[in-house]
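What follows is one chain in structure tokens, specifically the form predicted on its own.
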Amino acid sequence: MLTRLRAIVQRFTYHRSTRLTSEGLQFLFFTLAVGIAAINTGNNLFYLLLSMMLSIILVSGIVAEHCLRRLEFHRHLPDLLFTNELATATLVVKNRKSRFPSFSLTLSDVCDGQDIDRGLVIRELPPGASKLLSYPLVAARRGRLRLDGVRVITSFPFGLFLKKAYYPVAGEAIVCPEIKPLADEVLQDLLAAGQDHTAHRKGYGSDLYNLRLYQAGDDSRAIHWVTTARTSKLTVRETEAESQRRASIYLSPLAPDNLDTEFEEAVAYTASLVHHLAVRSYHLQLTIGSSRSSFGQGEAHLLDLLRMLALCERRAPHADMSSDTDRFLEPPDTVDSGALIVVRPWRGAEVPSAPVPALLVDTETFLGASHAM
């Protein structure tokens, strides 16, 4: 019997808390004063007033509990967020009670045990009704953003108490590094890298791709006169395109503990670099330590690279770095891979060996200087 009673009490008080407001504290003092006066004087009017004030306290607790009961929440977060960039999150609240409405609800996100006020207020939620709330969401750091639940607060009906209820509503999103503009001279150097790589497909270039018969609208400068004279048919030549660009980007994850800020700046610079090259139709490969993506192009591939950067972690170098160097500094796949760009947050980080020249981007570049070496 005692165990069952304890279970009922725990279920009733699960994720519930109550706090007095300033008005509620004053009301309790008045109630105490009226009670003392009723005992000392024995006046029936004082006892009547005391009973009325005690009933107000009781009704306030019961009504507030009914406002917080049987609420249902559904949360939607964007799949990808960017650091310090405004996004929109939505929260759907439904009152599953069949008879009683809920009043004066204030909603807050709960993250790592801390309440985050989003400014969400519901004045009235009728029984069986639902309400869609949207609010701005700004992530301060990259990585995984986890929201544990929703805290619901009400002071209804008399404002004497703040009664809180916690609903576990998990939400998770990936926060990508902030995309920053690159200096013009640095961007020109990086865009020049990898442009000499020739892709075997038709386009504007110098190497022969195919010969075909002349069609209306073809450029007369493309006529292949030798074949035309031999076959007595007007023939034009098609050339291979030289516009397809490829680049391998390597980010070293090794940096001492006191260079955590520099590492975050290096990650943000790499994300900006990936974004700028992707929008210029580069085929990109990203390597972070032992993690390596495939070569790809397009929006889906760009999002995959940004996810890699969002979830990468800094590693402190050890005194004996031979094992770390062997594992984390594997050379990128440079066979027919175009340019190699190495971003290192720490001058002591090793540079992967590769058969092609590497464009090295160090701390002076992504901490404000406008050059790469």
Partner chain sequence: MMNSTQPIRAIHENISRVIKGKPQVIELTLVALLARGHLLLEDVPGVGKTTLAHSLARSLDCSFKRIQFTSDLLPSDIVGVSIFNRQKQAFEFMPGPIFANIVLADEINRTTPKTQSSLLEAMSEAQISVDNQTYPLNQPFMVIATQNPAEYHGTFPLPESQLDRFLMRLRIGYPSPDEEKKVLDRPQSLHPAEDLQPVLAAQDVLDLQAQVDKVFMEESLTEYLLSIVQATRQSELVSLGVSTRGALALSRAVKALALVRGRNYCLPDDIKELAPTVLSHRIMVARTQSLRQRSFEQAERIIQDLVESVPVPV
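Keep in mind that what you see is a predicted model, and the values were worked out from it rather than measured. C-alpha atoms forming the largest set that superposes within 1.5 Å between two forms make up the rigid core. Numbering follows the first chain given and starts at 1.
One more form of this protein, predicted in complex with the partner chain, exists but is not displayed; see below.
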Seminar exercise, completed: As a check of understanding, the residue in Ser281, Gln114, Ser290, Ser232 with any heavy atom within 4.5 Å of the partner chain in the model of the complex should be identified as Ser232
For this session: Name the residue from Val169, Val110, Leu303, Leu211 that puts a heavy atom within 4.5 Å of the partner chain in the model of the complex.
Result: Leu303
For this session: Just one of 291-299, 261-269, 247-255, 144-152 has residues with a heavy atom within 4.5 Å of the partner chain in the model of the complex, so point it out.
Result: 291-299
Exercise. Is the gap between Asn84 and the partner chain in the model of the complex 4.5 Å or less for some heavy atom pair?
Worked result: no
Exercise. Taking heavy atoms only, is Lys180 within 4.5 angstroms of the partner chain in the model of the complex?
Worked result: no
For this session: May I ask you to state whether Ala140 is within 4.5 Å of the partner chain in the model of the complex, using heavy atom distances?
Result: no
For this session: Verify the contact flag for His76: yes if a non-hydrogen atom of it lies within 4.5 Å of a non-hydrogen atom of the partner chain in the model of the complex, no if not.
Result: yes
For this session: Please check if Asp219 moves between the shown form and the other one, taking a CA shift of 2 Å or more relative to the superposed core as movement.
Result: yes
